[in-house]
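Presented below, as structure tokens, is a lone chain in the form predicted on its own.
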């Protein structure tokens, strides 16, 4: 029994490698887009607000699976062809950027308005105020939510098996077909997903601790 379970691991680990690649690349894309989209939604210029709001509502309001299907099956009809891996990265990255942008927007909006006014009184530009005063404080608020979002992204990579990408879930399905052992295969898949999520949770805790280290202890704290 043990030997046969070990025999299942090589294929599953190859699939897990693809899962990690998609998670890292799609996560990087989502985080890169989150700030500009959030700032567009908060912009005093209404065209930017409309663009940012439309982007977020469309991506949040439609299924990530349908978005992947559109990129993989519909775009080729328009002459645009993407391989499964870039399709997975683009589809999940764009989808999760909408959620990430709301985390950023909420964190920025939560900073006391008086700090903006004080910076304006010191003749700091809006960009300088955002970069030097607001964002350093907002990051501490964003990190726990970002960690949860990245863990959710990791689990959502299972969707890419439906566009023929050999991720962890796809590898599990293929093994079940060849071995006829769904209990053992899906059990290992669950364990691997859990193990992959642990570094994300650990990194989040470390980053959050560093980001909040500058905060003074409240009066009377021991």
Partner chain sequence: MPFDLAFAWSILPDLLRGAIVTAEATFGGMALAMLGGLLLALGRRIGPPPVAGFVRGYISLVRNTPLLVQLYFIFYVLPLAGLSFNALGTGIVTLGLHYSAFLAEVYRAGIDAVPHGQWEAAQALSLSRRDTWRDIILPQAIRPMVPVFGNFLIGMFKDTPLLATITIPEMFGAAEQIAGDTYRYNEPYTLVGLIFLLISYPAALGVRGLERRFGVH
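Residue numbers count along the first chain shown, from 1. What you are looking at is a predicted structure, and each value in this text was computed from that prediction instead of being measured. Just so we're on the same page, rigid core means the largest C-alpha set that superposes within 1.5 Å between forms.
Another form exists, predicted together with the partner chain; not displayed. Remarks below refer to it.
With the partner omitted here, the residue from 42, 158, 35, 29 that has a non-hydrogen atom within 4.5 angstroms of the partner chain in the predicted complex is 158. The closest non-hydrogen atom of residue 151 lies within 4.5 Å of the partner chain in the predicted complex.
Contact annotation: residue 166 falls outside 4.5 Å of the partner chain in the predicted complex, judged by heavy atom distances.
In the predicted complex, at least one heavy atom of residue 60 sits within 4.5 Å of the partner chain. Put simply, residue 50 is far from the partner chain in the predicted complex: not one heavy atom of it is within 4.5 Å. Residues of 45-81 that come within 4.5 Å of the partner chain in the predicted complex, judged by any heavy atom, are 57, 58, 60, 61, 62, 63, 65, 66, 69, 70, 73, 74, 77, 78 in sequence order.
Relative to the superposed core, residue 11 undergoes a C-alpha shift smaller than 2 Å between the shown form and the other one.
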